[in-house]
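One chain follows as structure tokens, the form predicted on its own.
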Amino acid sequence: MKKVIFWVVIGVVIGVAGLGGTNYALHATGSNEFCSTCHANDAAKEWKASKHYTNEYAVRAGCSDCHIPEAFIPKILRKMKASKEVYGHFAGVIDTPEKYEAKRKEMAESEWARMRANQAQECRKCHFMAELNNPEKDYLADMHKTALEGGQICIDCHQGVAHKAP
């Protein structure tokens, strides 16, 4: 009986440590600093020149806000795909500005397909179309409502918001 209790305790300790380590790794690899280590001269530079970085509302959307789903399973799946992208960077696939530009359209289309598949949930966690209000552009609320009802998502009109569109 003592052996069983011992192994259960060991299992719980290893499980808790594993979950804690996984949570830490997921958080650390989703930070702007982590992403900028490889993207300092391309995507991060574009992001820092965008409204998602500097705006009149003092709100900043970081890399993970747009590129990493919040839900656990989609987040894990995205991180698994991202590990292939990190490997590609170190293997020399996009390690220069020229190679990055050559792959820009392919990378953008992959990201747009992911966003289409989840109905642009990353955009919608900050942008609430039902509350869209701009007195200077009163047509926007109806235009967005019509677009969304027609099956369009944010990037159908707003490509190149945080990064240069290919």
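In this text, all values refer to a predicted model and were calculated from it rather than measured experimentally. The numbering used is simple: start at 1 and walk along the sequence shown.
What follows is about the form predicted in complex with a small molecule, which we do not show.
In the predicted complex, at least one heavy atom of G30 sits within 4.5 Å of a heavy atom of the small molecule. Using a 4.5 angstroms threshold between heavy atoms, K75 stays clear of the small molecule in the predicted complex.
In the predicted complex, none of the heavy atoms of R116 sits within 4.5 Å of a heavy atom of the small molecule. Proximity of T37 to the small molecule in the predicted complex: non-hydrogen atoms within 4.5 Å are present.
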